[in-house]
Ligand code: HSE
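What follows is a single chain, given as structure tokens, in the form predicted alone.
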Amino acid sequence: MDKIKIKVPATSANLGSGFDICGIALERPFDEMEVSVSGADTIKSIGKYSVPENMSENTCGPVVSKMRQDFGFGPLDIMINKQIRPGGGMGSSAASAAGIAYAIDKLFDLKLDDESIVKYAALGEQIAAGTPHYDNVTPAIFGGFTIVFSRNPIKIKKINAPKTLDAIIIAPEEGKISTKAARSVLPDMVSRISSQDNLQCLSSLICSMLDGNVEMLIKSMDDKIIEPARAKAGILKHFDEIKRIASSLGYGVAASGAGPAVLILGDRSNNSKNDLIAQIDQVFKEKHEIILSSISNSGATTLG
């Protein structure tokens, strides 16, 4: 094989209390990537959004460098059809990093185990976040709801999301922020009560996914530490009001990763979706896009 074309989903990390631990893959938006054996390393950016075409500035770069060092393959031509908004909180940088790790494994038939692919992909997140982290690249590769329960050595658990779980994403067109900047506003110390509340929410979140209980999941989407700090810093616009509206209509709300996007989850049978969107549009005056999606339980996939 000298060429591979793949599809990589957008992702939403944290889901409230699962900061740097949990993530979920979305059916849309998604990126497509084509990777082929070449005479020189190149990156070409096409699609709705542009990304750096310099290997040292693109999240693909560190992944290619380390995997080449370990496995000895030659130059690659990488084409990225970028449909996930960079800096929007939907795992755009992670999609490129995860996609190239997945593509190299398939292209050269490396037969890497799941944890190894994630470990390589996380290297790309150094460019976006300043340090390797796993909460977006893991669901981008494997789909569903994922938990990183050990970092050294890396250990991952994937749970298929309930089939009736649907997502609504509020994607502001302004206010994009780097993950590194969004992390800079977080508190160094938290109260014991806030920590306990978050642990309760996280436990409930994981149990609800294991049980396929959407009602319990909705009630579990809360965070007393990260989201309040980012809302106070102006990263999450109208966050408290959006939570109030969504909760009154039977939906759960969380910041999508570092923001500014907001993730809303609910059961497909909820007939209040149009009312929810209408009320959000009244509150969220800034220019934004509403994205309707289901959950991708398959993650990165090979096309054709």
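Just so you know, these numbers come straight off a predicted model, no measurement behind them. All residue numbers refer to positions in the sequence shown, first residue = 1.
Only in words, not in the display: the form predicted in complex with the named molecule, which the text now covers.
Q: Taking 4.5 angstroms as the cut-off for heavy atoms, does L236 touch the named molecule in the model of the complex?
A: No.
Q: In the model of the complex, is there a heavy atom of the named molecule that lies within 4.5 Å of any heavy atom of F284, even though the partner is absent here?
A: No.
Q: Does any part of R183 reach within 4.5 Å of the named molecule in the model of the complex? Heavy atoms only, please.
A: Result yes; R183 sits at the interface with the named molecule in the model of the complex.
Q: Is there a non-hydrogen atom of S96 within 4.5 angstroms of a non-hydrogen atom of the named molecule in the model of the complex?
A: No.
Q: The named molecule isn't shown here, but in the model of the complex which of K176, K224, K82, H133 has a heavy atom within 4.5 Å of it?
A: That would be H133.
Q: If contact means a heavy atom within 4.5 Å, which one of 268-276, 251-259, 236-244, 45-53 is the stretch that engages the named molecule in the model of the complex?
A: Careful reading of the contacts points to 251-259.
Q: Which residues from 16-44 come close to the named molecule in the model of the complex, meaning a heavy atom within 4.5 Å?
A: Going through 16-44 in order - heavy atoms within 4.5 Å of the named molecule in the model of the complex - the hits are F19, D20.
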